[in-house]
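Only one chain is included here, represented as C-alpha cells and corresponding to the form predicted on its own.
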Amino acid sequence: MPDFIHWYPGHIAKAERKLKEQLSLVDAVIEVLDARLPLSSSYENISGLLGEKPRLILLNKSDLTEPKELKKWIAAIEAREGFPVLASDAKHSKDLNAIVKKAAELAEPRIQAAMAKGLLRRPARIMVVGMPNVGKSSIINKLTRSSKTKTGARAGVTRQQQWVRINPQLELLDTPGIIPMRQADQQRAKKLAFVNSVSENAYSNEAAAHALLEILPAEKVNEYYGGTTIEDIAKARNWLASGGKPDIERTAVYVLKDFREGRIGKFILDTFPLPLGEG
C-alpha cells in the first residue's frame, strides 16, 4: 500500500456540507457501518457532524461476520456510544421490523414536541449516513422492498440525497457516502480498501491483497486456497501468466473479491480498544 491513500473527490466534500444543511429537517439518524469494521468504517467525527441528533447504529453485512463475536461488538459499541446498535444485512428481512421500530422510537420525541405546538402529526424523518459501500442504499431498498435507490459494489454509487417513503409513518433520506479528507492511520485506510469503501483508484489490487493476506488467519486462507501468499495461491489455482509465472494481478483481484463475498471466512478485522467481555 502507498504511504498515503488519497480518496477525497470533490463530490464527497460537497456531500458533507449538504448533510449538515439537511440535519435540521430530520428527527434522527441511522448510521450504517460495515460489521467487519465496526470502528474503522465509522466516520471519525460523527458526533461533531451530527450534533445532538438521536442515532441508531446499524452493523450491516453482519452475515459476513461470526455471530458470537459480533454480539460482543454490539454490546461494546452501545456502552461506548450510548445509542442502540442493531445487526443487519441486505439479504434477509428478519431485522426489518426492529430497524423500523427503533428508528420511529428515536424520532418520536421531536414529533411530539412539534405536535405540542399545534402541528399535525407527520411521518418520522430519518437521515441515513455512512461511508461509501457500507450498504446504505441496499438497506433502504430492503425496507421499502423495492429498488428506489441506486446500489452497487463499488464506492460512491449514491451521488445525491434522495427521500424515500418506507411507510406512512416513516421517511428516510439517503445520502452519499462520506469519508475524512485525510487518513493518517494507514492501518485503517487499508481495512477500508479491503471492504471496498474507498475508490479503487486509491490503491492497487496487488498491494491491497498482500496487506489483507498478512492479517487474515493463515489457516483459513490456506484451507480455502491451498496457499497463503499471492504467489502460492496463483500456483495452487493455476492462475498463471505467460511463461507459467504466477498471474499476480488476477490473483489479487480474486483474493479481494473472495474476502468481500465471505468465501474465505467470516471475519471482524478491527480490534476493540477495550475488553469485549465474555458476552
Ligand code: G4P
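So that there is no doubt, residue numbering starts at 1 and follows the sequence shown. Keep in mind that what you see is a predicted model, and the values were worked out from it rather than measured.
There is also a form predicted together with the ligand; it is not shown, and the following applies to it.
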Legend entry - Heavy atom of each of A211, T228 and A234 within 4.5 Å of the ligand in the predicted complex: no
Legend entry - Partner-proximal stretch of 102 to 110, 85 to 93, 71 to 79, 117 to 125 relative to the ligand in the predicted complex, 4.5 angstroms, heavy atom: 85 to 93
Inset, instruction - Using the partner position in the predicted complex, report whether V198 sits within 4.5 Å of the ligand, counting heavy atoms only. - result: no
Inset, instruction - Determine whether any heavy atom of D63 comes within 4.5 Å of a heavy atom of the ligand in the predicted complex, and answer yes or no. - result: yes
Legend entry - Residue contact check: M131 to the ligand in the predicted complex, 4.5 Å heavy atom: yes
Legend entry - Non-hydrogen atom contact T175 with the ligand in the predicted complex at 4.5 angstroms: no
